[in-house]
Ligand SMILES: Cc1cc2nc3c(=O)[nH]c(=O)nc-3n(C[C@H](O)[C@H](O)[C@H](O)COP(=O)(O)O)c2cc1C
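A single chain comes next, written as C-alpha cells; it is the form predicted alone.
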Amino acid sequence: MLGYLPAAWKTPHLKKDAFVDPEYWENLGKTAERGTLDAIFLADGPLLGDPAYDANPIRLEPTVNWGHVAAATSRVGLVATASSTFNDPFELAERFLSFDHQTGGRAAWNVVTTRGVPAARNFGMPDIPFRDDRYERANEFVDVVRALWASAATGRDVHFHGGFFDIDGRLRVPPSKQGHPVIFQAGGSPQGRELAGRAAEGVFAAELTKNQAIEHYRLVKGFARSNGRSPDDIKILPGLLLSLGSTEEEARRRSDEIHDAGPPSYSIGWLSQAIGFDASKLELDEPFPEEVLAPIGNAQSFLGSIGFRESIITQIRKTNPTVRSYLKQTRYTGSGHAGFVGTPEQLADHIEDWFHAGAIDGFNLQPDRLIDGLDVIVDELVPILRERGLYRHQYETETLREHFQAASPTPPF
C-alpha cells in the first residue's frame, strides 16, 4: 500500500496514517491515470500480517478502497484481490459486479486461494485447507461467479450444484459497461496456471529470469488455447520490484537507504516464509544446503507461494551464492518477483527486451515507495516508452477489458 519495502513509510513525503488518508489514494489514482496506465493493483489480506516479513501488514479492503479512487478517476483500471477460500461466490459476484458499475467498467477481480493458518482461523477454520482442495474450490467458485455474472445479462436463473456450492437464483445487479469484471489470477502453482488458462484475462506472475518468463508465458497461453480461447485473451504481467534514480548509482543508493531503514531481520524473515525453511538457521557465509533447495516434501501443506519458491530456487541454483551474498544481491535483483534498480532509460530497455522476447505482455510495476516512485514511472519512464512506440499517448479505450484488447497481439509460439 505504501511500497514493497517495509520502511516505505519512513519518508517526510507521507502523512501519518497515509494508508487511510483519502487524499493519498486519490493522488495515486490520478497519477496513474496521468500516465495512461492500464490499471492499479491491490492485494487483499484477510488477516493481520506479520511485519517480520510483510511490508504491508495492515490493509484496507480493496473494493471499498478502490470505490473511493474510482470517484477521482475515469479511465485507469482498478484491480482488487479477493480470496476464493474465504468468500462466498454469490456475495462476491454481487459485490464485484456492483464495483464494476461503480467504476464505469474498470474493475477486475484477482483470484487468490490464500495461504496461511492465521487467515483460516479468522474464518473459524482450524487450519488452511490443502492446496489441491483450495484450487478445487477455486475452480468451482470461479465457475459460479461467471455463471452469476452471465445471469445478470440473460436474466435467467443459475442452477449450479457442485461439490462446494449449490446455487438456484440469479443476480439482481444489471450488466456493467464492460459486461462484468475482468478476472486476474495470481499464483505460479500448476493448478493456478491451469485455472488461469481456463478463466483468467490477466495473470500476475512471478518470474526472476527471462527464460523462465518465456516458458511460463507460452505455458499459460497454451492452456488458454487448449481451452478454446485465443492466446490474446489472457495477458501475462509479472511483478517487477523497482528502485529508480537519475543514475544507476543514485538508484542503488536509494534502494540501500530504504532497505537499511527497515528491520535487519526482514530479508531473512521474508526468505524463510518464501522457501519454507527457517533461514536464520543457515550459515551466512556458506552456500544454501541441498535440503533447502530440494523439491518441496509436501506441496499440499506448503504455506508459501510455489511460484515464488520456484523462482527463488532457480535463481540460487544458477549462481550458487552464499546465503549472505544472496540476501545482498536480492536488494537489486529481487526475490520472488524480479527486481530492477537503475534509470528509467535502463528500465525501458528491460521492458522492451522482455516484450520483444515473448516473455510478457506487460509488467505489474511495484515501486519501493509509491509516494514518489509512481511519479517517476509516469513522468520519466512512460515518455520513453511512448517515444519508442511501445506505449499509448492517451487513452483510446474506456473500460479495462478494452484497454487489454487494444494491446499488441501475442507473438507466434
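Because the structure is predicted, anything quoted here is derived from the model rather than measured. Position 1 is the first residue in the sequence shown; the rest follow in order.
Heads up, the form predicted in complex with this ligand isn't pictured, but that's what we're talking about next.
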property: Tyr135, Ala205 and Ile306 all contacting this ligand in the predicted bound form, non-hydrogen atom within 4.5 Å; result: yes
property: Non-hydrogen atom contact Arg115 with this ligand in the predicted bound form at 4.5 angstroms; result: yes
property: is_contact(Thr330, this ligand) in the predicted bound form, heavy atom dist at most 4.5 Å; result: no
property: Contact test in the predicted bound form: Arg131 vs this ligand, heavy atoms, 4.5 Å; result: yes
property: Exercise: Lys235 in contact with this ligand in the predicted bound form, heavy atom 4.5 Å; result: no
property: Position in contact with this ligand when the complex is considered in the predicted bound form, options Gly188, Pro231, Pro89, Gly342, heavy atoms within 4.5 Å; result: Gly188
property: Contacting member of Ala43, Ala55, Leu385, Val378, with respect to this ligand in the predicted bound form [4.5 Å, heavy atom]; result: Ala43
property: Stretch in contact in the predicted bound form with this ligand, which is absent here, among 217-225, 313-321, 143-151, 180-188 (heavy atoms within 4.5 Å); result: 180-188
